[in-house]
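Given as structure tokens, the chain that follows is alone and in the form predicted on its own.
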Amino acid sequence: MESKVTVRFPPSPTGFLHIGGARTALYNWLFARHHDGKFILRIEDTDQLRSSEEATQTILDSLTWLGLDWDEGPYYQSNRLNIYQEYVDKLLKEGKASYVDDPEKGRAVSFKIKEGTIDFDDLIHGNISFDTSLIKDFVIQKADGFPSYNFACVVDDGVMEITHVIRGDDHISNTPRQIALYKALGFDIPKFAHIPMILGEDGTRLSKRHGATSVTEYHERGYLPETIINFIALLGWSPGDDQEFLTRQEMIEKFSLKRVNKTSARFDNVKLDWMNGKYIMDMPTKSLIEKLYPYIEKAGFDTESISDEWLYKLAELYKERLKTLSDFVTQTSPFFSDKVVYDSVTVEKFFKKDGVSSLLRDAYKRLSEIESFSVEELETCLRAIATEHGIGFGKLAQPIRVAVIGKGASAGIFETLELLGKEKTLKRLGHAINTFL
């Protein structure tokens, strides 16, 4: 009988949680949940110079934001030195390790590699074989008493009874050393699954030059955790059909290492934006407003003088135009501000045409006579003006839009004017007429 599935995600707290690390965490989490197993979080903080509490907290916050809950941990390797010492002593006693002296760094402990071959069946790449004559003896305990990465990793995997190691394929080269240690320490060897790396759109390894790379950055820019989870799940894994939007439960039910690709996945920012926009559009408006509030407050918009009903209408109007939550601030700033920032190219395009001056002056006069300033009244009024001037409605709507918003694109003009209100609309129309016409 196969033991119950136990996997681990072991980040090093030397920086943010990279999107590649988030995918590794997700695949481990999905594998554990699919098999009704255990997902352990282990913080590999034995690099005392590079590890920090701030980075640790950022990683924990990112995993929590993504909804990747752990069943055990977080365990901190820096708190487990006595456990590693016990196994160092065991290897020394059995003659499988020995002391080595470094004039600069002091006395360390080195593990002796036996000559031969080390083979393992990778659940993604198939059989992989290493000639140990190409692998030198290596340090398992540094002079400062801290274990090396490979040693601490193996001891923890053995003690925690890890059944499957799912990680990036940049760790394949570590595997023969670790297998040699599992054997020497008498631990069961877990099954390995090495996931191909994520590449940028240009085919090179994903990095800062491709845009955001950390979960924190995606959070701050206004991507939803549901989007990130869905998107990175499909970076190298397929559910077996053309389904692109999956609930968390559907991912759990369908996840299999057999369907993880052997080749690297490419990060597609256009697809990510499209997917996030779809999630935003499908979200109940009240829930969307709750997520928008931090961005509204960070932008310093005045929320004291607006009603819940007004904000609901604004969010409802713009939700289908958003790619990220932060887009809302960019696109709706004219509604919150007393001043309009005019785009010079747009002004030149729409204001410097024959007849625009008389059109806007007529619109100003007629709009000032409307009482309720509702969508219905605004539409009746403006369409009548266009008809009377013998022009298509767009030739009236565009200069009005530029006058009140400052740019050539916005949501529907009638809804825009209703939300701006009569006073602000007339003030901006008057300003545009006096300044540009």
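Quantities reported herein were computed from a predicted structural model and do not represent experimental measurements. Start at 1 and count along the sequence shown; that's the residue number.
What comes next is about the form predicted together with the RNA, which is not displayed.
A heavy atom within 4.5 Å of the RNA in the predicted bound form is found for exactly one of K365, K90, K271, K114: K271.
This chain is drawn without the RNA; in the predicted bound form, the residue among N261, Q249, N79, S287 with a heavy atom within 4.5 Å of it is N261. Using a 4.5 angstroms heavy atom cutoff to the RNA in the predicted bound form, all of K105, I172 and R321 count as contacting. The stretch among 155-163, 231-239, 214-222, 90-98 whose residues place heavy atoms within 4.5 Å of the RNA in the predicted bound form is 231-239.
When the RNA is considered in the predicted bound form, K136 lines it closely, a heavy atom lying within 4.5 Å. Among heavy atoms of V345, none comes within 4.5 Å of the RNA in the predicted bound form.
Residue contact check for R266: one or more of its heavy atoms lie within 4.5 Å of the RNA in the predicted bound form.
Interface membership of R205, defined by any non-hydrogen atom within 4.5 Å of the RNA in the predicted bound form, is confirmed.
Contacts to the RNA in the predicted bound form (heavy atom within 4.5 Å) from stretch 45-61: T46, D47, R50.
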